[in-house]
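To begin, one chain is listed below as structure tokens, in the form predicted on its own.
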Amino acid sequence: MAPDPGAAGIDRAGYDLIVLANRLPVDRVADSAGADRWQRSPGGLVTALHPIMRAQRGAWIGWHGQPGPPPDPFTHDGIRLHPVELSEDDVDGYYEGQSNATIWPLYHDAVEQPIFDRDWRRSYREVNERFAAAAAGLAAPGALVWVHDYHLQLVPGILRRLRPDLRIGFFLHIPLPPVELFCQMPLREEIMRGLLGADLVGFQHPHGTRNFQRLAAHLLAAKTTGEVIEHAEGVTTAATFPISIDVATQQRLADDPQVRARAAEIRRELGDPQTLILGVDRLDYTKGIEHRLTAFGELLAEGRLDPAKTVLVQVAVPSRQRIDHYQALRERVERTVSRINGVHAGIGRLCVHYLHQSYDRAELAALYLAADVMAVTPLRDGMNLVAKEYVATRTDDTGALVLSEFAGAAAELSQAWTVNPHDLDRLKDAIVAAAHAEREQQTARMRPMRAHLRRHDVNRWAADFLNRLETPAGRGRVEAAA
């Protein structure tokens, strides 16, 4: 993990494309000998941007994942990485506080009550200034800078003041709430000015784009014509760019003989149930896990699903475990799982298999192949890529997707069994309908969703955004990776 001395000249010359995100696209792991090394992180964003950044001399600025002094800049897999330092206080205030205990719940319809804290806001501002300064020092004249997500909403405005020559884009991966909710935020004008420092601001869903335009008018007296917002500091375009997945890789996983064998093994390990229902979520209060479990328990109690023939596998990936809301959620979920199994399970047979752990992509693909029904029922979600991964994995056009209307993916995957997860009766009806769907009905719904994903994969998403961001002169178009 030593720095790459050969890249020093490039650092001084500047980069033509810079990505800023809370985290670097790599994780520190130990190899078989116990030595630390860097490993590329999973996820669609890294996959989509990797070939583009290699081709355009790109750099990625982000936190390396541990509090304290960062490692020196280094090159990994052809991309220059510039770690940003976060202290313990920064992690507490900027990350766990303002980002994840204030902004996250507020932007997800205040499913949990956001906490407003002046010290957290100060930390958030300081860290955003640190990220912006790093980008200002690394960007070549006229470079493209793409800032990602709710952690860094002040960066575009700060960077615009530092480097007015840059083309700055921002993409929000989570929902943007309506005026009535957003205006609870004590930083509301500062955040809006920060976002309007970008030339292009992208959202997952048209609702987010419209909310942004209304907020600009309400808070800053901006004027919108089409996608263009005219404001005191200049002009910003706001548009919708629904993110997607690496469809080709997901399909290759689905066709891998080892993955398919593992899917068959999973069903055997579960007792070869007639119906396997799957949920895969971060353990987050926005994901609707409690509602899903409650609906499943009631279906068993009512006899609409047979506990001897039906299994629910709930994968709950650990998340933000130091935050009180998340600790309380885990306790509630585990109590609900225990209650359902205590009432309906038999000897050697569980109705709910609860897995509080992470899985690699191959194991998740095997779970997707094993599942007859995929239940994706968040109370609010910017997109939800699990829904798209399930659809892409079902290469034989079978399977049934139950999808919350409050997930961004519902705007694209309209053939799913779409449901309001707050309405438990309708949620139960959708689960039963999906579980009892004949193969012809599954195919009629799954085939058009898979065709849509093949046309709209993550590579196209990245290329579409960057092409909108680019200035007309002096740059070629960004091509979606094959």
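Keep in mind the model is a prediction, meaning the values are calculated, not measured. Note that residue numbering begins at 1 and tracks the sequence as displayed.
Another form, the form predicted in complex with a small molecule, is not on view; read the next lines as being about it.
Residue in contact with the small molecule in the predicted complex (any heavy atom within 4.5 Å), chosen from 336, 224, 209, 100: 100. Only one of 372, 112, 149, 92 lies close to the small molecule in the predicted complex, with a heavy atom inside 4.5 Å, and it is 149.
The small molecule in the predicted complex comes within 4.5 Å of no heavy atom belonging to residue 231.
The small molecule in the predicted complex comes within 4.5 Å of no heavy atom belonging to residue 191. By the criterion of a heavy atom within 4.5 Å, residue 260 is excluded from the residues contacting the small molecule in the predicted complex. The small molecule is not drawn, but in the predicted complex it has a heavy atom within 4.5 Å of residue 174.
Within 4.5 Å of the small molecule in the predicted complex, a heavy atom is found for all three of 23, 282 and 320.
In summary, the region of this chain contacting the small molecule in the predicted complex, judged by heavy atoms within 4.5 Å and restricted to 166-174, 84-92, 300-308, 270-278, corresponds to 166-174.
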